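Encoded as structure tokens, the following chain is the form predicted on its own, with no partner shown.
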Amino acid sequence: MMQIIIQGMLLSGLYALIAMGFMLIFSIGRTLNLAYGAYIMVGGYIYFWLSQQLGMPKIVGFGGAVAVGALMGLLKHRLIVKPLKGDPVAVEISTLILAVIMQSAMVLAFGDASKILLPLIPGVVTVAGAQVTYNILAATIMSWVIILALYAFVRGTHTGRAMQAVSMDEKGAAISGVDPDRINMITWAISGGLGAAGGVFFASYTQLSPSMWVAPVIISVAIVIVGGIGSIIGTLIVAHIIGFLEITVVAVLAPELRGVFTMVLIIGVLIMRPQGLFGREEH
């Protein structure tokens, strides 16, 4: 039981970080960014290339991954999302196509074989009788630091409050003097950086492969739909619900059923509370 609790806490922090960037785009840009997983995949590969192939310090590899993710977010907004604004279906299809293209690019650059990302911090520690690697412990702590910093930014800065205003009513925010285009660009950059950071941690927790972007997208969609659009607190809480649910299913039932109960949870919430557990109703 203690192993389930500890592993659930660790996995939940990682899921919360992965879903946070997806939530920002979904709530502010009103876009289902199906290429979000590409940030995660590319972030993992950039870190692998810089730290393990070029031998650079791990902090440089991590910073490079976040920078590339943020740049991808900016370019995607400028070249794809903005020209297609007003046609959400076209945006969603385009982002999905982009994710497939990025997967092919990673295959060409690094091959299609899975790779092991060396731990950011090697070693194992015993916590309440449960074996925990320093790597996943560090990833969870870093995830929470990043999440809390994002929460402070959104709640405590002028730009963060402008992001909240745009998520509530873009036209109203524009009348109040907020530039929605600038806010959307910042949001896409932050989302890309968060996705890439999550990709480094996720790849070190699982493995690095060109198809690794699919599972995080499914997890992000589940967390955002169940938590509610625009709710950071909802994202955090539901990430823990899903994290504990998956760990419990794997430990008690079977690993093959890992994602089944998450899908059932999504369907149930969509039927009973379409705006999510902590989301506001759309008018």
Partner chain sequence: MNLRPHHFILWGLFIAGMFLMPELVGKGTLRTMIFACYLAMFAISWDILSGRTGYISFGHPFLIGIGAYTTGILTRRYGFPVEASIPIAVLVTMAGGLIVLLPALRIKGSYFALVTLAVMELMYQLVPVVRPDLTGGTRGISRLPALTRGAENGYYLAVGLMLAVALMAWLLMRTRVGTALWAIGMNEESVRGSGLSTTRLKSFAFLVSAGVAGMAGAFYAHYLGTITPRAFFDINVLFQIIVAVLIGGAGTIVGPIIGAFFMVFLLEWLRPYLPGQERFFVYGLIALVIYMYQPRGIMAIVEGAWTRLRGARS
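Positions refer to the first chain, counted from 1. Take the two forms, superpose them, and find the largest set of C-alpha atoms that agree within 1.5 Å; that set is the rigid core. All values derive from a computational prediction rather than experimental measurement.
The same protein also exists as the form predicted in complex with the partner chain; that form is not shown, yet it is the one meant from here on.
Residues L32, I93 and V260 are flagged as a possible site; in the predicted bound form, is every one of them within 4.5 Å of the partner chain by some non-hydrogen atom? Answer is yes for this spot.
Note to self: So the partner chain isn't shown here. In the predicted bound form, which residue out of I116, V124, I97, A149 has a non-hydrogen atom within 4.5 Å of it?
What the structure shows: Only one option qualifies, and that one is I97.
* Could you spot which one of V145, A130, A105, L75 gets a heavy atom to within 4.5 Å of the partner chain in the predicted bound form? => Only one listed residue qualifies here, and that residue is A105.
**Contact flag, I141 vs the partner chain in the predicted bound form, heavy atom cut 4.5 Å** = I141 lies outside the contact set for the partner chain.
Query raised in the report: Using heavy atoms and a 4.5 Å limit, would one call I186 a contact residue for the partner chain in the predicted bound form?
Result: Because no heavy atom of I186 falls inside 4.5 Å of the partner chain in the predicted bound form, the answer is no.
In the predicted bound form, does I80 have a heavy atom within 4.5 Å of the partner chain? Because a heavy atom of I80 falls inside 4.5 Å of the partner chain in the predicted bound form, the answer is yes.
Could you confirm whether M56 comes within 4.5 Å of the partner chain in the predicted bound form, counting heavy atoms only? Contact with the partner chain, no.
ask   = When the partner chain is placed as it is in the predicted bound form, which of 155-163, 116-124, 209-217, 188-196 ends up with heavy atoms within 4.5 Å of it?
value = Correct option: 209-217.
(request) Establish whether a shift of 2 Å or more occurs at the C-alpha of M9 between this form and the one not shown, with the two forms superposed on the rigid core. (result) No, the C-alpha moves less than 2 Å.
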